[in-house]
Ligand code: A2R
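Only one chain is given next, in structure tokens, and it is the form predicted alone.
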Amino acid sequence: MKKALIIGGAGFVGQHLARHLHDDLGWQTAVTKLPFENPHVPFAEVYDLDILNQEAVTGLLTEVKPDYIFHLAAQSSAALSWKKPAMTVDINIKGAVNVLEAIRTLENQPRVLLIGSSEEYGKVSEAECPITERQEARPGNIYAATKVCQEMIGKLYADAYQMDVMATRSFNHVGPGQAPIFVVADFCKQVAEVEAGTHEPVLRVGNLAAARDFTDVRDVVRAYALLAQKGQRGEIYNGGTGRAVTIASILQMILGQSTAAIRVEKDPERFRPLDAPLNVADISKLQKDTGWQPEIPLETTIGDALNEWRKAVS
């Protein structure tokens, strides 16, 4: 039986990934978390881990002996990275180096997937879309810059030590269980609170003109599992649907599934200092190497996310 270790497995993507690996693939699954986190993965081995503690990382990997490692641990909010840049650098760069160094000491080398972000591409023109992996990285925020650095370091380890390291540049993923610091979850939470009568019937929004490539998280984790098995050493893979949807369209889908009359107001606090107008993936490389295809319609994703928030606020 294959064994996977998800570093940073208590978060939104990590818990979905753990369920997919265990339920759909039948893999033995271990996840790491921070002491205050409580992931809902009763089928998995769960370990507390601070990735800034090199000895702890090395000790855990030596104990678990995984066949595959998914490195999800990150400070993943672009907005928060402007407010806490040093913390973002520590977790996203130093933490990744600690993981790679620990892997390098293992006798049996696992295959490693480093999770990056489409934010690495920064502001792109319409002529540059859909974005291929050959596109120059032009990070427009601190979070994106740290992900570019993590990716470059991973490539160095792959080349210098022949480690089986691959990386993703994942475009926006959404679905049930996502924290409301991200736009779709934020909108769904606000709408659910209005429906429950705990929030005034006003939805506060940021930039609605931006167009993004949104993928259901359950499709995303299928792609990650396939990449871990079939991806090529040292390569970078876009993850997305190949289709851009404006934030305004997302908002209308959510409002269209709501039972309440809600007014929309722009909130200056919700605008980023820099924000790319268009971001859509060319996913031909991912499809060629893994055979992956997105399966879940965006309307279904939004309905599932909204229903999850309805349960949470009721």
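One rule holds for the numbers: they count along the sequence shown, beginning at 1. On a predicted model such as this, the values are computed, not experimentally measured, just so you know.
Below: the form predicted together with the named molecule, not depicted.
Of the candidate stretches 104-112, 231-239, 197-205, 141-149, only 141-149 has residues with heavy atoms within 4.5 Å of the named molecule in the predicted bound form.
Here is the short version: of L286, V280, L49, A30, the single residue with a heavy atom within 4.5 Å of the named molecule in the predicted bound form is L49. The single contact residue among I91, A211, M163, C129, judged by any heavy atom lying within 4.5 Å of the named molecule in the predicted bound form, is I91. The named molecule in the predicted bound form comes within 4.5 Å of a heavy atom belonging to A73. Shown alone here, A305 lies farther than 4.5 Å from the named molecule in the predicted bound form, counting heavy atoms only. Residue contact with the named molecule in the predicted bound form: A18 places no heavy atom within 4.5 Å of it. The named molecule is not drawn, but in the predicted bound form it has a heavy atom within 4.5 Å of L34.
Shown without its partner, the chain has G8, A10, G11, F12, V13, G14, L34, F36, E37 in segment 1-39 as residues with a non-hydrogen atom within 4.5 angstroms of the named molecule in the predicted bound form.
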